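Encoded as structure tokens, the following chain is the form predicted on its own, with no partner shown.
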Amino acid sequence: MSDGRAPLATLREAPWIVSIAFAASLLAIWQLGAAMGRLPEYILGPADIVAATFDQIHRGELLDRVIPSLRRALSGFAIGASIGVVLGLLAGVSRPFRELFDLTQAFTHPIPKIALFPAVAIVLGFTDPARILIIAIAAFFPAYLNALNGALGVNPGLVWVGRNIGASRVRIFLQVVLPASLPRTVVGLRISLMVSFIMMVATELVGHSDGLGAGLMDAYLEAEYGEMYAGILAVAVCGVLANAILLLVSRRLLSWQGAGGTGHD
């Protein structure tokens, strides 16, 4: 006979079961409220949202908006995050380099990056380059700060050992600092990726655009709530898939630690 411990052990080994059950319960309550007419007409049930999404996919409208949005988000992320990681690691191993950026970083980091969009638009207009630039600026800071903290957190003893065996600065950086700072750097990349999607939508809401953000605003203005929620769902799915791919790559990079990820899943 079961003593009741087997189900608990299963839940501990597979906590995702609880997460899925909780999400399914929320969706069921939401759908029940919509079916019973307890929700305002502008709040659609999950079934209606999924139906509206498939309708847009069938008509080809959703894909036409997803592709340019992904191009902007991923381009901005790649540019901003890569520069942030490189400069963050360099600042972590070089105090003069770090002090060079400290004041500029401290002054510009608190500024909401979307507030820079009108200033950038004066030069570039409400164009893709302007949107990608704003996304890149927003993606830069999480990548920079986490790479910096990762490099600063490297065990000094490891660096000392490297120097004592005659390793060059470049070799110490590549074989000691870079691997040891990877976990924190990956966390920064995941934050930067999510920020990139947020800024993608924000920049597309302003000026003429053909992306998901513009579609959300058009649907809102025309009271097409099905299309609006379909756009929101598309943003969420794109973000989840992009994060899953980045997490998969990070697990490969961090497999040497036996950590199976960043520790921040």
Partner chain sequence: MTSRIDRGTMRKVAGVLIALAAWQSFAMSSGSRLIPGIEDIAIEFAGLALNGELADHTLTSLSQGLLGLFIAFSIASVSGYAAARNWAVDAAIHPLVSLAYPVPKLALYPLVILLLGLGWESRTAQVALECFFPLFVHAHAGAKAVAPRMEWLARNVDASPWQAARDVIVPTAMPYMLTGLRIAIPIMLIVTTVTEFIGDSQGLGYLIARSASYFDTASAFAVIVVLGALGLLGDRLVVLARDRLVFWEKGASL
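Quick caveat: nothing in here was measured; it's all calculated off a predicted structure. Residue numbers count along the first chain shown, from 1.
The discussion below concerns the form predicted together with its partner chain, not included here.
Its partner chain in the predicted complex comes within 4.5 Å of a heavy atom belonging to M228. Its partner chain in the predicted complex is approached by I43, whose closest heavy atom lies within 4.5 angstroms of it. For V86, no non-hydrogen atom is located within 4.5 Å of its partner chain in the predicted complex, even though that partner is not displayed.
In the predicted complex, its partner chain stays beyond 4.5 Å of every heavy atom belonging to L62. This chain lacks the partner; the member of A236, A51, A35, I29 within 4.5 angstroms of its partner chain in the predicted complex by a non-hydrogen atom is A236.
Residues from 98-131 that approach its partner chain in the predicted complex with a non-hydrogen atom closer than or equal to 4.5 Å are E99, L100, D102, L103, T104, A106, F107, P110, I111, P112, I114, A115, L116, P118, A119, I122, V123, in the order they occur in the chain.
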